[in-house]
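One chain comes next, on its own, written out as structure tokens in the form predicted alone.
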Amino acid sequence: MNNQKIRWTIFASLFAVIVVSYIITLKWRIPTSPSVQKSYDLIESLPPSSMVIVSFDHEASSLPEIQPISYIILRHLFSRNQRVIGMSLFAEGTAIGYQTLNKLAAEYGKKYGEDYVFLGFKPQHISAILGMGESIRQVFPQDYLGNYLAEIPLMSGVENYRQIAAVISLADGDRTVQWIEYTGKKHGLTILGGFTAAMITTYDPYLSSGQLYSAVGGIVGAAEYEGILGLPGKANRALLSQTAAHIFIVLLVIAGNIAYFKRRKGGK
């Protein structure tokens, strides 16, 4: 077998390992990190019908990591009968957030306007965050679908952050920092984060200081959360697929080294 065929055989085998392992769903329990456990405990502790803002502060490029986090957190919120106000601080996250909310709400039989609502996107995100502290309706007179907030049952009696139990920012950048800086201490809001693995260390100082209550980081964090709820999903499959690919590569390295030393020995 020439080098070209060997190369294609390796790539095809790796592809097959990834696909097959992603299709399989295993209920394997992953040790839960303190931050993920803290996120779970907070949502568990909220009284039913608490108002929670879920902000989709990310772009489409980070969906493979952020989507499993958003899915499992929303499943937890809806299973606990919490009311969700969705929004986005990124224009690109607007359609993603709306579709995600509708998909997960349908799983739990939740009705738009009564159990959840999606406000959409506002440019100048810092002004939007600050303005919502005074009046959410002034910043978002209408929701994403063009309905006036005054006519939406869910928003009845919701004026500003005083009626909000927590903010969950799903981010692939620094948008959560603005939530922390402009709403955390000023309005006494509890801020939770869901981040890509590359961003989680950026928020370590905020976690250490308590300004950020807790965080779910990357595929591993989402898989841990799925394990707590007993709902293996996208993160569980992705982590299994990633692990299988790593094992396959390690075995290739070992096989390559064995072949190399055999050929060198034969040459001598």
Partner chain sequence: MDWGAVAAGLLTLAIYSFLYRDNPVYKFAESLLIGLSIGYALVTFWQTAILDKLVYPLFSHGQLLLIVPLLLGLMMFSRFSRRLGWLSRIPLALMIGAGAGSAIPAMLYERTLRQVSNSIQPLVTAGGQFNFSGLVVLVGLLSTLAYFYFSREHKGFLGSFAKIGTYFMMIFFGATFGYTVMSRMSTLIGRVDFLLTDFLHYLK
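Because the structure is a prediction, the values reported are computed rather than measured. Numbering follows the first chain given and starts at 1.
One more form of this protein should be noted, the form predicted together with its partner chain, which is absent from this view; the next part is about it.
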query	finding
Contacting member of Pro34, Gly230, Pro48, Pro205, with respect to its partner chain in the predicted complex [4.5 Å, heavy atom]	Pro205
The unique member of Asn81, Gln138, Asn102, Gln163 whose heavy atoms fall within 4.5 Å of its partner chain in the predicted complex	Gln138
4.5 Å heavy atom contact, Ala198 to its partner chain in the predicted complex	yes
Close approach of Ala95 to its partner chain in the predicted complex, 4.5 Å, heavy atom	yes
Touches its partner chain in the predicted complex: Val220 (any heavy atom, 4.5 Å)	yes
Residue contact check: Ile152 to its partner chain in the predicted complex, 4.5 Å heavy atom	no
Residues within stretch 228-253 having a non-hydrogen atom within 4.5 Å of its partner chain in the predicted complex	Lys234, Arg237, Ala238, Ser241, Gln242, Ala245, His246, Ile249
